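Only one chain comes next, encoded as structure tokens, the form predicted alone.
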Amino acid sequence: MDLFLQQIINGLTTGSIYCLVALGLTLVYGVMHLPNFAHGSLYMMGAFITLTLIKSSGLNYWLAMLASAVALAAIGIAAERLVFHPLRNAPHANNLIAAVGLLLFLEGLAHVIWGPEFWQLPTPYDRVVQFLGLTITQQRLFIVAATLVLLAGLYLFLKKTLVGASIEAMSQDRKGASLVGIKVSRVSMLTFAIATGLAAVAASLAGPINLVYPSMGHIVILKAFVIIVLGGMGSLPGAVLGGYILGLAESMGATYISMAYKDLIAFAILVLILSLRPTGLLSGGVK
């Protein structure tokens, strides 16, 4: 029983990271209908920026995470303006090629600046907590708690603010939103900023329990795409549900089946769910 509960905690931790990455990806897809393949590389850049701020500038973990989120939001705005906005009327394939190009550019930049080494992100929450026979690091508890706070904050932002309402309107009908006076260009920039900021926070939370390296975003973005298809393309509740389902399934599968098949579980779940619900668990726009 203790082992089962231990894996529940591990699954919630992994699922929380998946949620934050998938939410950003879902926001961009819902508003711009763009599957941003570069999102994993932006996630990686967030981890490296946090690492650099802690090691070189001496910032504490919280301030470094916040600064990384702001920096990634600025990079997201720049990417939207310089890479994707000029292609807004181009064939859809052009956006996909541009996203892959941005991915390769960011990875190459990371290799030049930080090299191919593996790094450990320092955290003040490195102590172990014993509770009801479970052994849990403070960082894992912090990841779950921080994710819940961010999910609540994002929900309130989308539901209770005019800007959030504009994002929802654009996800449902981009042309209609433009006709009623919503500044489509500004909302697209803001959406990219929020998405990349969430990626930076996710990477900063995951860095202390995983390693930081230039290709760290590959497997995360692959899982994030599985999650948004699983949850329903463009559905934020679906991204949250899919993220936790996948995190728990991987944790349980690695323990009770085999660690070797951990990454295959995502695709097995995807095939199973889509065979029963082809549109995903919660299909629809950002809501």
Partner chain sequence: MALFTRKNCPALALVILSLILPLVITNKYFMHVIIMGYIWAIAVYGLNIILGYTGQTALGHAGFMGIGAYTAGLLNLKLGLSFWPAMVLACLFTAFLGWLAGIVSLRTRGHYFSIFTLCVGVIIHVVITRWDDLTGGMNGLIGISGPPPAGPVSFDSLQAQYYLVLFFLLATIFVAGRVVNSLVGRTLTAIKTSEELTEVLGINTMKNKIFAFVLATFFAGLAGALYAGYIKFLGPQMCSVSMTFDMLLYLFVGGNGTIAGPLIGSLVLSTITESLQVVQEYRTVIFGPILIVLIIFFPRGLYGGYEILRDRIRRRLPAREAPEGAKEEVC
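Numbering follows the first chain given and starts at 1. Please read these numbers as outputs of a predicted model, since none were measured by experiment. So that the term is clear: the rigid core is the largest set of C-alpha atoms that superpose within 1.5 Å between two forms.
Below: the form predicted in complex with its partner chain, not depicted.
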Original post:
Within 4.5 Å of its partner chain in the model of the complex, do Trp114, Tyr244 and Ala254 each have at least one heavy atom?
Top reply: no
Original post:
Does the 4.5 Å heavy atom contact test between Trp62 and its partner chain in the model of the complex come out positive?
Top reply: no
**OP:** May I ask you to state whether Gly153 is within 4.5 Å of its partner chain in the model of the complex, using heavy atom distances?
**Re:** no
Subject >> Touches its partner chain in the model of the complex: Leu82 (any heavy atom, 4.5 Å) >> reply: yes
Original post:
So in the model of the complex, does any heavy atom of Gln120 sit within 4.5 Å of its partner chain?
Top reply: no
**OP:** Work out which of Leu87, Ile77, Ala146, Ile136 lies within 4.5 Å of its partner chain in the model of the complex, going by heavy atoms.
**Re:** Leu87
Original post:
Pick from 49 to 57, 30 to 38, 65 to 73, 246 to 254: which stretch has a heavy atom within 4.5 Å of its partner chain in the model of the complex?
Top reply: 30 to 38
**OP:** Select from 226 to 247 the residues with a non-hydrogen atom within 4.5 Å of its partner chain in the model of the complex and write them out in sequence order.
**Re:** Val226, Val229, Met233
Original post:
Taking the rigid core as reference, does Leu270 move its C-alpha 2 Å or further between the shown form and the other one?
Top reply: yes
